[in-house]
Ligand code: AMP
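In structure tokens, one chain follows: the form predicted alone.
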Amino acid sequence: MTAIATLGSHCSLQVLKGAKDEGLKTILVCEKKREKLYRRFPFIDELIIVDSFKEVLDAKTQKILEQSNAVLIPHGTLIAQMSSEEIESIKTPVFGNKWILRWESDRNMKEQLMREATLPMPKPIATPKDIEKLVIVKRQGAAGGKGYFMAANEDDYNAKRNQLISEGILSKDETLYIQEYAAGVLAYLQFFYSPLTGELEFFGADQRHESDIEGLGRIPAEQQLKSTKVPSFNVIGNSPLVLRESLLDEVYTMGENFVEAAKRIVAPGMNGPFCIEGVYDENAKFTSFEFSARIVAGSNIYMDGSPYYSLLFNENMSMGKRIAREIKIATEKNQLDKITT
């Protein structure tokens, strides 16, 4: 029987709870500092205790996973803690397409794939001297918003970048990505694509709560102007969002376009969960500034299933359970190679 394994962070609880609900063995690669937390949950069958998540690359850990016929579920922590080369070197079967995670981690590659999918995007800015209107400056990879900042012009950019370097948040040689700031209602659109059925499923939507940029709205303008602190976009949590039904057709179209583009550019394509991230403006027009090519933490708010999945499944279905169901079906049909890399 196939086992489900993941790193002890991000969305591991829903992933392993979903696997246990599907009758699969569950394995958690857990840092020592978090062992007490994860021992609380009875649906975790086995903990592999490590000093660092990078030990998932070690032969010892790989052997344990191999003996359990484990499939590794990637999430944001894997991308944040390992290079693309390290992820691609993992011998354990990885759910989905581990090659597309490189496209998520590199801003230029990410932009290329989004253009191929014809997603409406904010204009990228090549250099700080080209900043003519409000921009957002981002780090590479899955940084969870930490170290992001807004800038109105080149001087503003340099001042904030230097301040974040002095605070140890950014490094001097770090390559930053600049794009025009898209204003509107934040909407993170969560999907699941099954290569077994060829069907795209819209799982749900969420909003992210970022500190301390959100808290600034509660501070009077006079005090804001006196502050020299660079606000952080560090993600603290997520809340549910239900879209106007009239928006759903476009949502599905964007998801389908992304799946088709991924098939063309990075074989075997966008398999499993992914997220298209952006904002809706005053005309309900969507602008996408990111994608995540794996399960996102915003799916944690739907551990008992989302409103949209209740339309597709006559049972509670979290994203973690949906992943486990896909693996279970593929195992039974001897098609595990179709959904893993």
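Each residue number is its position in the shown sequence, starting from 1. In this text, all values refer to a predicted model and were calculated from it rather than measured experimentally.
Just so you know, the form predicted together with the ligand exists too; it's not on screen, but the next bit is about it.
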Distance check, residue 210 to the ligand in the predicted complex, heavy atom within 4.5 Å: yes
is_contact(residue 179, the ligand) in the predicted complex, heavy atom dist at most 4.5 Å: yes
The ligand contact at residue 193 in the predicted complex, heavy atom, 4.5 Å: no
In the predicted complex, residue 138 touching the ligand (heavy atom, 4.5 Å): yes
Of 93, 268, 122, 231, the one that lies within 4.5 Å of the ligand in the predicted complex (heavy atoms): 122
Contact assignment for the ligand in the predicted complex, among 289, 308, 38, 280, heavy atom within 4.5 Å: 289
Heavy atom distance at most 4.5 Å to the ligand in the predicted complex, all of 248, 274 and 322: no
The ligand in the predicted complex: contacting segment from 180 to 188, 167 to 175, 78 to 86, 236 to 244, heavy atom within 4.5 Å: 180 to 188
